[in-house]
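The chain that follows stands alone, in the form predicted on its own, written as structure tokens.
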Amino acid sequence: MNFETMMNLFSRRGILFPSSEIYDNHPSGFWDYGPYGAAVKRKLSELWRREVIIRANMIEIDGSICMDADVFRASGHLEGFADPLVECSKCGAIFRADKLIEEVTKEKAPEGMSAEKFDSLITKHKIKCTSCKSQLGATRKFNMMFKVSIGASKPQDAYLRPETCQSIFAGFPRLVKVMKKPLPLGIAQIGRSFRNEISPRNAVIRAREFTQAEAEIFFDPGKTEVENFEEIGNYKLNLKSEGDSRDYSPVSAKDAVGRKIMSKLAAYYLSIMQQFLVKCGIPLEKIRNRELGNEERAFYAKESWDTEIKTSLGWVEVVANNNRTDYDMAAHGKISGKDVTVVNPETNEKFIPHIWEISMGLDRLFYCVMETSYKKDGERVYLSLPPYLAPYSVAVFPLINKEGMPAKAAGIAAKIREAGIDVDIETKDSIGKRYARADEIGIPFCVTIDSQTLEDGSVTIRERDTKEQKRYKIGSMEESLRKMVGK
């Protein structure tokens, strides 16, 4: 199984496809989710809310995607949000320098390096244009912000946000006041972000429009204790710390803190995120938490860990975990001229809150979950998705499209919906082809109505992964399905 196999499945089943694809000149880096893909993505969002926001007692907002230029002046995006771009001197092909170096050398090139260091590596490894084999020009930085103009008579410069967190930072003074909650306070958001990538590739792994699920935890730097740490203290994380050449061996959260591998904040939130990924169906052996070195992490970050998932494309960063210190709030306070401090209720002293960030790419997670769930049994292909992530929990099939079976199937589907279970009903093609379609999009249970149903009121329920079939009376079917799908 490889990336091309997944994209073929996505295309055939309308799970994921290029935006505006009927037009020959549609821009790359923009993707549409069809009904099945949109359902899985929505359920991933719901799972994240339940397992991260609710579990960690956070609050959630929904911020605007378009923000004033001063927001990004404060955040540093106007000056520093740039990728290294290199252009072929002959054919004009454009590449992202760090990814080009990585593809040729098979070694990760840190994003934060200077243009001169990228040029040095390109020269050292004799890297040329992959299109025409000509020499490459000098590396330059390309700002990836999407600029927009607001208003008619006196247009105001604004930008589409490149990350959802800035609306959380800008809204914090009001939120901490009206919500009446003490620190540490987690504020979360799921929403679209936009980055004008130099070379978008691998579908939603690196796109120009994408969905982020982010949580910013505001805390007093003088109080680093974490409430409920004991509940994850013995949970084992797949870790590799800076400078550690060993395999990603499991280390308990409390041991990681005790051995000073990471802070208590990092251990707590990395544990929550790793547990979340396991609930998404990702095997533990395909998850690793890698500490970023000085050249990789942002200049303002005190501590940084990437949570990565192993795929056919290699290890894919899905979650960025950072101690952003007070950089963001101090910068927004300075540029806006507003008070962003918080009062310590014990000492009555003011301080600028520090931030622990969890930033997850929902589209990347979607791809990783779908690829991980891909199974092939002879000629049969199926997605072994957890039932709560499948596009439909149940499919209802009349064995044949006559003898009253379609009407009976419609009635049974209605009963299943009334039980709070999402259901699809399909009558086209043979029962074998319908099973195959249900398998390929990951529906875990199929209810079949046949002649026996008309005689004794029983149906067949087929389980996706094992293909096992059992008969149930219609009266007990709904409750059995609720248990099967985890309702």
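What we label the rigid core is the largest C-alpha set whose atoms superpose within 1.5 Å from one form to the other. All residue numbers refer to positions in the sequence shown, first residue = 1. This structure is a prediction, so every number in the text was calculated from the model and none was measured.
One more form of this protein should be noted, the form predicted together with another copy of the chain, which is absent from this view; the next part is about it.
Heavy atoms of His332 reach within 4.5 Å of another copy of the chain in the model of the complex, making it an interface residue. Residue contact check for Ala170: one or more of its heavy atoms lie within 4.5 Å of another copy of the chain in the model of the complex. Among heavy atoms of Arg380, none comes within 4.5 Å of another copy of the chain in the model of the complex. When another copy of the chain is considered in the model of the complex, Phe194 lines it closely, a heavy atom lying within 4.5 Å. Contact check for Lys310, Tyr388 and Ile474: none of the three has a heavy atom within 4.5 Å of another copy of the chain in the model of the complex. Residue in contact with another copy of the chain in the model of the complex (any heavy atom within 4.5 Å), chosen from Lys126, Lys260, Lys402, Arg174: Arg174. Contact with another copy of the chain in the model of the complex, judged as any non-hydrogen atom within 4.5 angstroms, is confined among 269-277, 353-361, 369-377, 208-216 to 208-216. For the partner-free chain shown, Arg417, Asp424, Ile425, Lys428, Asp429, Arg437 of 402-440 come within 4.5 angstroms of another copy of the chain in the model of the complex, judged by any non-hydrogen atom. When two forms of a protein are overlaid on their rigid core, residues whose CA moves 2 Å or more are considered shifted, and Lys141 is one of them between this form and the one not shown. Core-superposed comparison between this form and the one not shown: CA of Ile282 displaced by less than 2 Å.
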